[in-house]
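A lone chain, given as structure tokens: the form predicted on its own.
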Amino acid sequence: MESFIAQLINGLSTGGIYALIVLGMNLLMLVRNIVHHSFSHICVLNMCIGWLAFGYTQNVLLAFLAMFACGVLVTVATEPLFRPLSKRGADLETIVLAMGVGIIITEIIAQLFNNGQMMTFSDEMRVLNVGFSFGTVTFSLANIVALVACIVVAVFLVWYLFKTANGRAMRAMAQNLRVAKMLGVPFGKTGVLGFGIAGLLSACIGIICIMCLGYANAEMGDTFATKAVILMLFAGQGDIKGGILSSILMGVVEAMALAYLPGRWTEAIFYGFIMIVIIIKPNGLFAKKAAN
């Protein structure tokens, strides 16, 4: 029983990380109606910038600030690339563009950071990696922070999208871009603002990954991107609440498969479960909620 509780805590924290990435991608889906495949690659780039900044300054605060600056600058810099394609409704082209941006970021990480080798973060940067034990159950404060951060960010995004003028403008563009523009919604300004918020979120994700995982490498962005895109389809594109629930669910499923099944069954269980749901409900597990 204690082993089960430990794996449940690990699964919830992993699901929290997945949920934050899916939240960022869903936000960009609302802003520009795109599947920003490279969002997770930006999160990993932030981690690399933090690793590099701490190596030069030996100051955790400056390293985290550098991550926030990188996240906002890089994410906002991609907005003009997607803007003309979004205006034309070129959905397939935006996917190809996002994948291209992800490949470029992966190569930048592989070529410019630590000679392409895995980067390990110091205990100073893993400031919340404080262990707790109850019998045989062991977990860290970072695990709890990952889950709490997911809930806090989700609540903030729901409040922002439904209770503020800019948030309603983003939702209007997601529902009908042509009508939103006729009603005077500033297409460019609203998009840049949404990308900026997503950039801040990408830095938060990077910090949480540093505390929970303790390492980064060039391939990590591809792993996160694949799972995040699949989880978006699993829940229903643009469905913030469904994306959170799906991500946490799959984090728990992944942790249980890793603990109780032999070999590489973890990935098979993860993708097999999602495949079955998509076959039964092609529009996503929470498609009705998304439509409403």
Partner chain sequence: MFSTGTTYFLILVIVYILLVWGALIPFRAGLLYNGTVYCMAIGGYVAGFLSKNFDLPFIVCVLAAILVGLILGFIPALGFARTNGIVTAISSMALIFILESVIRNLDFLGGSTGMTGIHKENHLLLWAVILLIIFGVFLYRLNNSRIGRAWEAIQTDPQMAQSLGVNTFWMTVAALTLSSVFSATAGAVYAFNMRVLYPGTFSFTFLLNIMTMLFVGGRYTQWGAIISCPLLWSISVFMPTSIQKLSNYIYAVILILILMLRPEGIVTRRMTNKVKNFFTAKLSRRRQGAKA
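In this text the structure is predicted, and so the values were computed from the model without any measurement. Numbering follows the first chain given and starts at 1.
The same protein has a further form, the form predicted together with the partner chain, not shown here; the description that follows concerns it.
A.B. asks: Give a yes or no for P80: in the model of the complex, does one of its heavy atoms lie within 4.5 Å of a heavy atom belonging to the partner chain?
C.D. replies: Close contact exists here: in the model of the complex, P80 approaches the partner chain to within 4.5 Å, heavy atoms only.
A.B. asks: Can you work out whether L27 and the partner chain are in contact in the model of the complex, taking contact to mean some heavy atom pair no more than 4.5 Å apart?
C.D. replies: Answer no; every heavy atom of L27 is more than 4.5 Å from the partner chain in the model of the complex.
A.B. asks: Could you tell me if P84 has a non-hydrogen atom within 4.5 Å of the partner chain in the model of the complex?
C.D. replies: Yes - in the model of the complex, heavy atoms of P84 and the partner chain come within 4.5 Å of each other.
A.B. asks: Check whether T226 has any heavy atom within 4.5 Å of a heavy atom of the partner chain in the model of the complex, and answer yes or no.
C.D. replies: T226 belongs to the contact set for the partner chain.
A.B. asks: If contact means any heavy atom within 4.5 Å, which of 66-74, 253-261, 52-60, 33-41 contacts the partner chain in the model of the complex?
C.D. replies: Looking at the other structure, the answer is 33-41.
A.B. asks: So which of L213, I103, L141, I151 gets a non-hydrogen atom within 4.5 Å of the partner chain in the model of the complex?
C.D. replies: Exactly one listed residue reaches within 4.5 Å, namely I103.
A.B. asks: Consider the chain as shown here, without its partner, and state which of V192, V127, L200, I95 has a heavy atom within 4.5 Å of the partner chain in the model of the complex.
C.D. replies: Of V192, V127, L200, I95, the residue with a heavy atom within 4.5 Å of the partner chain in the model of the complex is I95.
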